[in-house]
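What follows is one chain in structure tokens, specifically the form predicted on its own.
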Amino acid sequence: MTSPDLPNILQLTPLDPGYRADPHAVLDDLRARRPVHRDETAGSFILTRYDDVRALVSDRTLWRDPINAEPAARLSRSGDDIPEGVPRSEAASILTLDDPDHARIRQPLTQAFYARIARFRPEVERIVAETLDRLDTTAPFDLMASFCVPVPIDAIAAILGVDHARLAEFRDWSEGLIQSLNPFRTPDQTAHMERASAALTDYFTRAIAERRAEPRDDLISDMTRLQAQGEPINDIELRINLTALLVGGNLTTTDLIGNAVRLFLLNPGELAKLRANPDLIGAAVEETLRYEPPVDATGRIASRDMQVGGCPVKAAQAFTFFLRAANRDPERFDDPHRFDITRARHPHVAFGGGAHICIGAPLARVEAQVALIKLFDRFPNLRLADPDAPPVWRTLPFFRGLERLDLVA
């Protein structure tokens, strides 16, 4: 049972003002006192130590599908209201599917998606440059709304082949679908999510049929060609997973870029290192992912009885891995609360691991690298509009990103 003085799951989200202001004040204490503990509010074991998180997030024998979790696993099972008789693969994306459906769908999708990413950097450079051109820097401006939000949405829209004239709609749908990741959403947020879901269902249903009739140079056409070549993915599964690419990639890449810009402006010495040696950009993005990752936590379900950190765990019990806590574990990282783009490399867990490692990680890295280099090149005197103002963090549970980032160029 959870000790009275240990935080429950709601206190480990930005819905809690203390956690939102400084999550590591809470996570450091939790990791030191009880790195593995059962939280009855969530119905889940909370893990905060790097070695435990790294081992289990990479364990391919654990389950991801919430249908396998015990009824007490309230957090894992939240929103799992798939009607009886509907195949799991036609109601959930690869984010929460297990094999064999997970491997059947993910493998060809990864093949097509990664082939596009491999030659996509020039397009990202174009999107970033055009977004920078549109910035009005005659007064303080919000970098989140004007740069960090549109770049990832425009990038995934280009990969999918969305008509440029529909980008505004596409952005609104993307923002609405993000609420599917919020187990504590309000009625208004749920309504926006449902409108966006219906619109995207209609959009992708039409787009798949159109590409099958007249292929274009985009990911949807790639996938219809793979279907024609015998890949066993039906149109419902394809639509669900194209939507998941949109939702999973936009929010997290937006937050990655915003978090990185803020960190560099707060750490001018690190920005000076990057300006002096732009080849450090890859390491800079990885250090941002370690130090201020966009995603707080991920989960798995025990597929067998096991022991974790001295705690007995039964099959079907749930785990919640706090990636943020693992990434600043002093047992793994020297001086973990220091942002240092030249630190000795240790693999972070910001993208998870194992069979469910983030499928969009390569695209997020490209977008963040290009966005940061071009932004700081374009505006050499970029600074915070009010260095003393506290950051305005969003309250979306299990994510860490800025509501706004006011800058002066």
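No experiment lies behind these values; they were computed from the predicted model shown. Each residue number is its position in the shown sequence, starting from 1.
We do not show the form predicted in complex with a small molecule, though everything after this point is about it.
Exercise. Considering the small molecule in the predicted complex, find the one stretch among 200 to 208, 243 to 251, 265 to 273, 333 to 341 with heavy atoms no farther than 4.5 Å from it.
Key: Contact-bearing stretch, as computed: 243 to 251.
Quiz item: Of the options Leu95, Ile233, Met193, Leu280, which one has a non-hydrogen atom that comes within 4.5 Å of the small molecule in the predicted complex?
Solution: Partner contact (heavy atom, 4.5 Å) among the options: Leu95.
Practice problem: Name the single residue among Ile373, Val26, Cys358, Leu62 that comes within 4.5 Å of the small molecule in the predicted complex, judging by heavy atoms. | Solution: Only one option qualifies, and that one is Cys358.
Exercise. Indicate whether the candidate residues Met144, Val151 and Ala284 are all in contact with the small molecule in the predicted complex, with contact defined as any heavy atom within 4.5 Å.
Key: None of them does, since no heavy atom lies within 4.5 Å of the partner.
Exercise. Could you confirm whether Leu323 comes within 4.5 Å of the small molecule in the predicted complex, counting heavy atoms only?
Key: Within the cut-off, so yes.
Quiz item: Arg185: heavy atom within 4.5 Å of the small molecule in the predicted complex?
Solution: It does not: once the small molecule is placed as it appears in the predicted complex, Arg185 has no heavy atom within 4.5 Å of it.
Quiz item: With a 4.5 Å heavy atom cut-off, would you call Gly258 a contact of the small molecule in the predicted complex?
Solution: Gly258 lies outside the contact set for the small molecule.
Quiz item: Taking the shortest heavy atom distance, is His102 within 4.5 Å of the small molecule in the predicted complex?
Solution: His102 belongs to the contact set for the small molecule.
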